[in-house]
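As structure tokens, one chain now follows by itself in the form predicted alone.
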């Protein structure tokens, strides 16, 4: 039986609270005769790493993550880091760039017990994660932005066939296991070369999947469609910045970013990372909602289970997911969702519902 090596980074703000809650559920779920072999190692990231190593993402952390099957990453508060780190990639961007985690996979699903603005939605956004309009990720060296004069800034956008093909294939492979429907989001009417290439290459990849129904929308139209008829969509594939914006929108529409999970993956490793930030204003109040990182961890376990054809690991993921969803359906929620549970008592409720 394989032992899965997982890194754990608590990060900043509410990171320690929600990560510890997630680990408590993971440990409780993985009890009994059919235990999955998990080996977790806590690694420094964020302010604690600055204090100890002089950098928010030490080289030692990256070296050890390279040896892991995957890792769980808490939020970071890079906006508050010392000025000397402002010109560098933040820890999340650096890990996505360093490990070429090209697929940012962000589901948005209506949940029982949660009063979202949209109901009966169940879609997944496949966001290309290595280039596009995010200059901290689209250059081999440098950050892809320049101040031509004190009054003129230039930001680059990069689109390559290689990057588009692999995110498109990931999206179409996912579609084959779901409703066999893919929507391509672009802005090819204005950004004709960059997002035009994105659109065209996605359609080229679509020819490899004749069973999949394909359509496409401009990003502004897509935002409107999601608000009005989100439940008409299943798999969405788009470039980096558009995917970031649309996934925040879909997360809010189904109940809030505190519920929104995500993983970042390449072909051999994946990182669980919730969509929300570090929320420094509520640190220590015991009201942080851990659902986002809990469900992100479920996604990580599912990704590893599918990669390694491990039914026991998949069962563990489903067990945790079912318990989280049962807890939400029963109205046992944290204050951001209108409930009265603290981070700890919500976690205890999830553990109680494991059986």
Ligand code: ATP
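Small disclaimer: the values here were computed from a predicted structure and weren't measured. Numbering follows the first chain given and starts at 1.
What follows is about the form predicted in complex with the named molecule, which we do not show.
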{"item": "Triplet 96, 265 and 296 all within 4.5 Å of the named molecule in the predicted bound form via a heavy atom", "value": "no"}
{"item": "Residue 29: touches the named molecule in the predicted bound form, heavy atom cutoff 4.5 angstroms", "value": "no"}
{"item": "Non-hydrogen atom contact residue 276 with the named molecule in the predicted bound form at 4.5 angstroms", "value": "yes"}
{"item": "is_contact(residue 258, the named molecule) in the predicted bound form, heavy atom dist at most 4.5 Å", "value": "yes"}
{"item": "is_contact(residue 223, the named molecule) in the predicted bound form, heavy atom dist at most 4.5 Å", "value": "no"}
{"item": "Listed residue (282, 245, 176, 143) with a non-hydrogen atom within 4.5 angstroms of the named molecule in the predicted bound form", "value": "282"}
{"item": "Selected contact from 288, 324, 65, 300, since only one has a non-hydrogen atom within 4.5 angstroms of the named molecule in the predicted bound form", "value": "288"}
{"item": "Among 198 to 206, 144 to 152, 250 to 258, 212 to 220, the region lying within 4.5 Å of the named molecule in the predicted bound form by heavy atom distance", "value": "250 to 258"}
{"item": "Interface residues of 315 to 339 toward the named molecule, as seen in the predicted bound form [heavy atoms, 4.5 Å]", "value": "336"}
